[in-house]
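One chain follows as structure tokens, the form predicted on its own.
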Amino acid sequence: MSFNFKGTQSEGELMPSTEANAFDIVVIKLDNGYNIGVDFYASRLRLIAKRKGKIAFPKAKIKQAETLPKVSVVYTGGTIGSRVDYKTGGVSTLQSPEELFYTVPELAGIARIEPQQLFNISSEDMTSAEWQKIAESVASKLNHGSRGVVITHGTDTMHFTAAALSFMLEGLNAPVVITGSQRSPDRGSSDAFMNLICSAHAAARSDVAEVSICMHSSSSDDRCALMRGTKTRKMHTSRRDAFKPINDSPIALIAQSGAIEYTGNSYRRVVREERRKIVPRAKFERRVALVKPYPGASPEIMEFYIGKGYRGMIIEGTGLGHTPVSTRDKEDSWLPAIKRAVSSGMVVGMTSQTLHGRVHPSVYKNLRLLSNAGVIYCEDMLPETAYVKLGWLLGNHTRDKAAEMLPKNLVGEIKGRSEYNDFGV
């Protein structure tokens, strides 16, 4: 379709009308991937050619180079594997990994890619059942000769999955890299391709024997940041550099060329002489809650979970780890409910809404009252990581063992001290 609007002429593909279209606007997709709306009555439109047959997204099989390391790509869904649904104008998922690889031929020069579509699900629909399946798939890939694994994933709950895999893949001796995209691959500004390329480099060549997240390090297409899975969080709804390490720094910065710059941040390294079998420890207790108190929040929130027989709770407290305690109206205090929760056998952990910094059980009187009631203060752990950790601990250990291990560093989720530049200054 060719169009001329106020002297400007261009060509593109005529898009089907959507529910969001105004009746007098037609949408044209340009070659650069962007869509523009054109006033039907104020423009001159000319049909150049008609498309014949059913529209199908192209596919390509990656040619394998036997001299390159084998990297498994486990596809689970998300924006990184999505395309525009031309009927609704929304985004729908691709149907196979080969559709994604069609647009990323660079992968053939990085590794022998072994793709697997595990499932096709948006990350907001993920549960611990999906985490378990991912852990089992990753372990199988590594046990059958993959040098590393890349997991494509939706971004909204990516940090939950990264934390879960960090605990479930005990004894990990290979890079496991989770990546996604903030913008779908059909957009000119998509970050999908660069994120996938940098992730493949990390899986094929880095010596980071941890679960990490690899996403844009800035809003530009300069480098991706490789960040620890238990210390990373999505901090923006749409920016390409939405993922940031919290109370931590990136492990490495990776360019599309494959150049890896390690930042000096300590990490668990691959032991090349050692090839151990990974048996995932993937049980998870789903009766664990993540609760965020706020001014005026009723302690009935706690009572609800007690009544439902929950075995664990992470409180995302204010500041250094507060909940309402010494309120003017005693009925507003959370302290009695917290005591009942602990007495019932529930493990109660405390993190902070501020994210940066660490909680402390003895700076203020109210903190000491909560600590004396049995609340476990989780140092500088992220709330989401603490939630995942507690669910994993209760799924694989006794209640007392879980309570003992919750405030201890297992896979880099707790730093020994908070540095000034952990706040990004």
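We number the residues from 1 along the sequence you see. Since the model is a prediction, treat every value here as computed from it, not as a measurement.
One more form of this protein, predicted in complex with a further copy of the same chain, exists but is not displayed; see below.
Chemist: Heavy atom to heavy atom, is S266 within 4.5 Å of a further copy of the same chain in the model of the complex?
Modeler: Result no; S266 lies far from a further copy of the same chain in the model of the complex.
Chemist: Examine Y305 and determine whether its closest non-hydrogen atom to a further copy of the same chain in the model of the complex is within 4.5 angstroms.
Modeler: Close contact exists here: in the model of the complex, Y305 approaches a further copy of the same chain to within 4.5 Å, heavy atoms only.
Chemist: Does the 4.5 Å heavy atom contact test between W131 and a further copy of the same chain in the model of the complex come out positive?
Modeler: Yes.
Chemist: In the model of the complex, does K70 come within 4.5 Å of a further copy of the same chain, counting heavy atoms only?
Modeler: No, K70 stays farther than 4.5 Å from a further copy of the same chain in the model of the complex.
Chemist: When a further copy of the same chain is placed as it is in the model of the complex, are T157, R239 and Y294 each within 4.5 Å of it, taking any non-hydrogen atom of the residue?
Modeler: Each of the three qualifies.
Chemist: Name the single residue among G109, G145, G258, G319 that comes within 4.5 Å of a further copy of the same chain in the model of the complex, judging by heavy atoms.
Modeler: Among G109, G145, G258, G319, a heavy atom within 4.5 Å of a further copy of the same chain in the model of the complex occurs only for G319.
Chemist: Which one, I301, A209, V342, V104, lies within 4.5 Å of a further copy of the same chain in the model of the complex by heavy atoms?
Modeler: Answer to the contact question: I301.
Chemist: Looking at heavy atoms inside 4.5 Å, which stretch does a further copy of the same chain contact in the model of the complex, given the options 136 to 144, 224 to 232, 326 to 334, 269 to 277?
Modeler: In the other structure, the partner sits against 326 to 334.
Chemist: Just to make sure I understand: among 114 to 147, which residues lie within 4.5 Å of a further copy of the same chain in the model of the complex, judging by heavy atoms?
Modeler: Heavy-atom contacts to a further copy of the same chain in the model of the complex: I121, S122, E124, D125, M126, T127, E130, W131, K133.
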